[in-house]
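Read the single chain below, which is given as structure tokens and is the form predicted alone.
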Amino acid sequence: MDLLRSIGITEIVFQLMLVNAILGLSIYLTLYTGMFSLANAGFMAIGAYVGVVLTQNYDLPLWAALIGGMIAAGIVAVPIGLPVLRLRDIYLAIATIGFGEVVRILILNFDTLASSISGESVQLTRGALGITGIPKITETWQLLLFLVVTVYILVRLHRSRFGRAMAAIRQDEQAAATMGINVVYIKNTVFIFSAILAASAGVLKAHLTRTISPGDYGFDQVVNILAFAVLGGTSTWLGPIVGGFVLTALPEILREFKQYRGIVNGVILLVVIVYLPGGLVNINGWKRLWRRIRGQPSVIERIQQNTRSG
């Protein structure tokens, strides 16, 4: 931690880095299977609110709130995934963004709706004001343990028959179905796993920041979660973790730039996206960049040169 503090990374920032790494892994699961789903912010909101209600209203420990939030998100993901996952590409992205907005608006108006139905005053989500005074019971070791366990499960998943089916669906869904892979089952299962992982991050972060509101889970959060995976790269599970770490730490590291911090941050991200389109964790991308720096032609350029000379 002393090394991290020397570059401006405090313990709370490191904890947020771990939370965002978990969020990056949640969207990595769907992207790895070829699904451009952006529902993670909505599931994160479900997990956060369910977890906070369980700890604040029922005095349950964090582990019980974590399980409750994950189960709630998994249950919601089942009926949502069946019709929505029939869509592809940009249409799937739009539909899942819409789901997230529906969740946010329902949370915003939940107390009013519940009060009108029950005839009694209900104060659970507290509307636009959100919930404050949440006990800070999320600790660094818990986040590290959860991240390590998640990575272990992902590694085992990739090496399994199920993981190979995920990769096959990403490459060609129709060909995978022809080979006997149950595409509907695989996609829905992955979608549920992704929802559960996003919800867990929501529970852990809510008990770290001590306050939540519907505005925390809007379109900005959708973009942030996607950026974790895009910046780090989706070719391996390590990419979203690196992306989450970098995007969380960068504003703190650039704090000395003061009012220019946002500009410098944006320039760095733009340079990475332009020159490393496969993400930071992409060996081939770094090799191509190194060849460009040294002025060496790529393999395709060498083939073209040989064709012309021949």
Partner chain sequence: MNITQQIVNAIWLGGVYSLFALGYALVFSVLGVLNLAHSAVFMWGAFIGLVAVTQLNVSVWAAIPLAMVVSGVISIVLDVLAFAPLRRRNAPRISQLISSIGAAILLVNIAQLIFGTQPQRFPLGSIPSDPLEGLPIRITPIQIIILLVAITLMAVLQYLVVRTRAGQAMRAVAFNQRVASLLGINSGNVFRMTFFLAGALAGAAGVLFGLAYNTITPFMGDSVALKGLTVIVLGGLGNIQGAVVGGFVVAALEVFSIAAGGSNYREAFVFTLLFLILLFRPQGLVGQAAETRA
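Positions refer to the first chain, counted from 1. Quick caveat, the model's predicted, so the values are computed rather than measured.
A second form of this protein, the form predicted in complex with the partner chain, is not displayed here; the remarks below concern that form.
- Interface residue among 147, 134, 226, 192 relative to the partner chain in the model of the complex, by the heavy atom within 4.5 Å criterion: 226.
- Scanning 283, 250, 64, 273 against the partner chain in the model of the complex with a 4.5 Å heavy atom cut-off leaves one residue, 273.
- In the model of the complex, at least one heavy atom of residue 89 sits within 4.5 Å of the partner chain.
- None of the heavy atoms of residue 57 is located within 4.5 Å of the partner chain in the model of the complex.
- In the model of the complex, the partner chain lies within 4.5 Å of some heavy atom of residue 101.
- Of the heavy atoms in residue 238, none are within 4.5 Å of the partner chain in the model of the complex.
- With respect to the partner chain in the model of the complex, the three residues 72, 78 and 215 uniformly fall beyond 4.5 angstroms at the level of their nearest heavy atom.
- The stretch in contact with the partner chain in the model of the complex, judged by heavy atoms within 4.5 Å, is 78-86, chosen from 200-208, 136-144, 122-130, 78-86.
- Using a 4.5 Å cut-off on any heavy atom, the residues of 101-128 that reach the partner chain in the model of the complex are, in sequence order, 101, 102, 104, 105, 109, 112, 113.
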